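The chain below stands alone and is given in structure tokens; this is the form predicted on its own.
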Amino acid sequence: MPLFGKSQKSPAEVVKALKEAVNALERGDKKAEKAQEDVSKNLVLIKNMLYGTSDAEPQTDIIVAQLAQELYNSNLLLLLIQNLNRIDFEGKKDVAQVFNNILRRQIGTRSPTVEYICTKPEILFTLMAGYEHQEIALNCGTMLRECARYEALAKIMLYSDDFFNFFRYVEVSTFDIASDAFSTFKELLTRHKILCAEFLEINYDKVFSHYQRLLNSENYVTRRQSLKLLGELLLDRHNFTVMTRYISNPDNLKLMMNMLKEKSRNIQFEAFHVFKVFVANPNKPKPILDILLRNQEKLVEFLTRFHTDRSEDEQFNDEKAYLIKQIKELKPLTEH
């Protein structure tokens, strides 16, 4: 009795057949329709090996290991992603499912696919560039967020020049793509705390000059999401150095004070959570203190009337009372 039964192809055969079909699709020759069918059919075979079907269990570890090895050796993962736009709708979803399953594979504490992608970072860069193409953006996003769970892969993405394209992707006109890109962007900046803090410290000027544009965006959703994320980044204790630098810049304080007066209550509320960090800082630089002193009375009056209907939100009211008290007690720096 052969290992795979009579009708079942071995991993090597399926991978070979799929690679030939993708290559034919890429060439776009006369047999493109047949190639499209073969791609779909072989993707389903691979997916069934990994996930099983209603009638059959997933394949044994040894067969999955052979399949993974064939995928690595054939360079098929990159080829599939490079040709994702040529694959049909169901096939695109199957590529993402196969990719994410193979990525999660572990042998003891090792993740062989993560190690493999570290040697082929082009896979990550091709996925990131997927946000440029409407028809594959969401599939690429699914795979990117799975990659971002692994610190080694997140590091390659963060430290690549391509990372800064996210500042553009989160503003694209198609809402679901912009939202998806923002989810990936947020994941990369928040998941691995120490990695993210180091990245932000090293690239502070570049990141925050780009970030400023998001906060000033004409798109309401972009402004609100980026303001909320800014609050989370500044309040994360791992980012203490970054926070200290951000709240020492008077331009940042002026921006937040303006955002407190925005028409949108949601933006006012998110701005409050960034503004409070400036006020709570026990070591305010003179330019920051000067701005707060110049606006002392106005700020006390403004905050007293600020979102008074949030009576249920105890934490907000405590913070607001604390800020009012801090601002009332501000005094100019005494010259020594």
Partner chain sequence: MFKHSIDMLMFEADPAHYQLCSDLGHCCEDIATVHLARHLPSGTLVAIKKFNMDKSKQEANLIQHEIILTRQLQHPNVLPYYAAFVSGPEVVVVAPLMAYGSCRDLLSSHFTDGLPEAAIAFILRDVLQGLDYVHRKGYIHRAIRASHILVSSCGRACLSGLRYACRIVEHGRWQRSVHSFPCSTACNLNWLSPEVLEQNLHGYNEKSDVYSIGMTACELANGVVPFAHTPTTLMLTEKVRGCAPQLLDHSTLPSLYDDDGGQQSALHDSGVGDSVASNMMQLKAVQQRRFSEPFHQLAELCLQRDPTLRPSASQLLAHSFFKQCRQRHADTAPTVPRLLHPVMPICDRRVDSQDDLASILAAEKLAELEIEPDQWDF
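What you see is a predicted model; the values in this text were computed from it and never measured. Residue numbers count along the first chain shown, from 1.
We do not show the form predicted in complex with its partner chain, though everything after this point is about it.
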Segment assignment from 159-167, 233-241, 212-220, 73-81: heavy atom within 4.5 Å of its partner chain in the predicted bound form:
212-220
The listed residue (Asn203, Thr190, Ser248, Asn266) that reaches within 4.5 Å of its partner chain in the predicted bound form by any heavy atom is Asn266
Leu67, Leu299, Leu289, Val277: which sits within 4.5 Å of its partner chain in the predicted bound form by any heavy atom?
Leu299
Answer for Asn295 alone: is it within 4.5 Å of its partner chain in the predicted bound form, judged on heavy atom distances?
yes
Is there a non-hydrogen atom of Ser173 within 4.5 angstroms of a non-hydrogen atom of its partner chain in the predicted bound form?
yes
Just checking whether Met257 would be counted as a contact of its partner chain in the predicted bound form - the rule being heavy atoms within 4.5 angstroms.
yes
If you check in the predicted bound form, is Leu124 within 4.5 Å of its partner chain, heavy atoms only?
no
Contact check, 76-109 vs its partner chain in the predicted bound form, heavy atom within 4.5 Å, ordered by sequence, gives Phe89, Glu90, Lys93, Gln97, Asn101, Arg104
